[in-house]
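Included below are structure tokens for two forms of one protein chain, each presented in isolation as structure 1 and structure 2.
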Structure 1
Amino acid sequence: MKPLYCGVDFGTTNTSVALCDGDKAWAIPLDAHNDAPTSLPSLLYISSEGDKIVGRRAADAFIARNVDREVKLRQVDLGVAVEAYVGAEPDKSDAYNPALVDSNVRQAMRARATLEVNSPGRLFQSLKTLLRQPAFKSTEVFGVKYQIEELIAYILDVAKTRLEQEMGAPIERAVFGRPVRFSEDGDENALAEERLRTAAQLVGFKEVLFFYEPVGACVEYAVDVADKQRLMVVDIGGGTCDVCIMEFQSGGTVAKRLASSAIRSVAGTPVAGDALDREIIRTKMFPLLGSRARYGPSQLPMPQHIYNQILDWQNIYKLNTEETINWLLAAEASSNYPEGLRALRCLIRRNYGYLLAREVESAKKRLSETDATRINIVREDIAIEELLEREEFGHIVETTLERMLASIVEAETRAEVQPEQIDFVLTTGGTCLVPAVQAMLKERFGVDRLRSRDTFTSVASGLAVVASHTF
């Protein structure tokens, strides 16, 4: 039997792995509970008893146990005195009036931490995005401290175990993908790769080589083609948009194709599907949760920091303090839009942040198939049934799409090629299914040169091919 080599694509949303025997590569099923078993949702649920659940069942466990549940929080005095500027966090809304806030008012306060007392578990999503954040070193879950590398290792461990079952032997080396830019900041980029390497080592990979994810997708396509070609890959996933331009010379065998290939340029930006979801939440959901409401005798605008926390649903629970809830109750009583503020309070109190994020993501995906859809979240005091049309969605995400286009232009500039000098543009990653992204690519390259590759496994397959010719 030929030796097998493996490629690992740890994604912001989905993780996939593939094996290659030197000629062919194939993706390995990782999650029997997922619609597409070859992709493992990059989700981790840690229960209060310390159980870890990875993949589709992590989301199911969170919804079954945590949603609809009244979170109880306890404020713990950390015994440290600090001083805060009361008006230090300016409200960024259009209606913000600096005259109403005196930023010089200082207030003595005690440093306190908010603990969830009755939570059955915590769900982690988009962990890959945390890799680049120097400030996020670890988090405490039910009294146990987990480093970011450890959290990711739980996901990689599932992938490695499945690979070993498939191969019938231990695996100690793999080619891992990495985005072109985890972050726009060079230091953060290096930190993210180092942390991913550590996570891989924690599960027993002794030798880890990194290749850019779009290079993986390019290799996956190009090794099966005999002609000389200049290819661009546009891989837009959940967290990053990655582009590369590669050239392959004519030649038959996989080894020959790879040996003759050259990476002409790479470019990328940490903006992708998660950013599109946030834009929908910001423009379509926030107003229904009172973001434009006014409250109090002076009819002040709502503090925007509350909404910023909701954009990152994993932190919403921190808003669920008696202080904030009481404040919201008071604001509601004097508001010109009490229904919105009541819905906001319900969202915070009953832990509906993940449901909101999930419903918005599902609606976004439906818009890849249909012209209009509704975002429905009807629970207790929340009665959202908002229409979202594909055209409107296109407008909402225009600026985000411009950042993706900038990466494409950057890759062309670095490679010193014009769009018409590219033979084929290969698209992969879930966000390339968004019609507005397709339209952007069609406008630049024309429909005939676009080739869509397997959305969720092409990167891992290509990385496995690279592994088989590198190790």
Structure 2
Amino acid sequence: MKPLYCGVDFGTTNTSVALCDGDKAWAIPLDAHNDAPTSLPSLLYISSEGDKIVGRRAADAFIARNVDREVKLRQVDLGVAVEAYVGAEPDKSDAYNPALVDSNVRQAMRARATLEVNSPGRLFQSLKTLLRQPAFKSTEVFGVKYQIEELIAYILDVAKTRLEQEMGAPIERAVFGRPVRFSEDGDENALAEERLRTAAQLVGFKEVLFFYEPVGACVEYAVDVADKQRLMVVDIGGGTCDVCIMEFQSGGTVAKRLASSAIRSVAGTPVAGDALDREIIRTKMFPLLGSRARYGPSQLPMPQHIYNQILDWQNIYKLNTEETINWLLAAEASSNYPEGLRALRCLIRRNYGYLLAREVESAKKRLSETDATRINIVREDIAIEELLEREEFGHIVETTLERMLASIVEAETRAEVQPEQIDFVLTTGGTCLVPAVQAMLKERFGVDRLRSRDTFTSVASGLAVVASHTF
């Protein structure tokens, strides 16, 4: 039996793994509950009982346990007295006499915190984007502290278990993908890679090599093509946009072609599909939820912090407090757009944030096949049937697209090549299917040179090929 080698693509939105026997590579099914079984949603749900649920079931558990749940809060005394700073605003009452104040007496206040007392669990998503943040060292979940590496390890453990089931033996070595830039900051970039390495080691990978994700996708394509060629890979997923340009020589074995290949340049930016979804929600959904409404005798504008929290759908339930709901009821009674605030209140009370996010993402995907679609969310007091046209979508996400295009131009500049000097442009990652992204690439390179690779597994397959020629 041929030895098998492993490639792991831990993504912001989805995780995939692949094996290679030296001749061919194939992706391993990871999540039977997901629409694409070879793709494991990078989600972790920790219940109040301490259960760890990963993948599509994590999202399902979060929704099931939070719909129509009212948040109960209580204040707790932290047992700390904090010296009050009163010099900036002295007592202005008639009874105040500075001559009678003892300078040796320090005023103080008791430190308190507001805690949720009935949470059934906590959901973690987009953990990959937290790797680069030095301030995120650990988080407490139901009295237990978890480091970012531990949280990611729970997701990687599912992938490793499935790999070992497929191989029928323990696996200790793997090539892991990484974006060209976790962050624009060099120190944060290095920190993110080291944290991902630690997470891999926690689940038993003793030897971990890192390889740029777009280079992995380039290898996945090139091993089956014997011609001399200059390739560009554009890999746009949920959290990052990565670009690389490689050159391959003709003929020979796969090992020889890989040995003679050259990476001419890499570039990237931490902006991708999640940013497109947020722009749709901000532009199309917020107004239907009353973001432009006025309320009260003075017809005040709605506070935007409420809507900003909606962008982070797994935390919408935190708005479902008696205080917030009563405030929305009062605002609704005096608003010029009561139906919008009523829909907002329903969204919060029934915890429909995930429903909103999934429908917006689905509408974005549908635009790949049609010029227009509708975002339909009809639940109780929510009656959204909003038209989203492909051309309008392009305008909504124009700024985000400009950042993606800048990465492509940067890769070309570093490689000292012009667009017409690239033989083929390989696209991978779910966001490359978005019409506005496709239009951008077609305008720059022409439709004949675009080659679409498997959306979720091409990177992992390429990494497995690299592993077979590295270990």
Ligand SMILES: Nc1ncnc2c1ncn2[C@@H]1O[C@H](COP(=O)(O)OP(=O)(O)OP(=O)(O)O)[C@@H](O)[C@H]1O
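FYI, numbering is relative to structure 1, first residue = 1. What you see is a predicted model, and the numbers here were worked out from it, not measured in a lab. The term rigid core refers to the maximal set of C-alpha atoms that superpose within 1.5 Å between the two forms.
- Source of structure 2: the form predicted on its own.
- Domain assignment between the two structures: Tyr146 and Arg122 are placed in one and the same rigid part, by better superposition fit of each C-alpha.
- Relative to the larger rigid part, the smaller one turns by 10 degrees between the two structures, according to C-alpha superpositions.
- The Cα position of Asp371 changes by 3.0 Å between the two structures once both are aligned on the rigid core.
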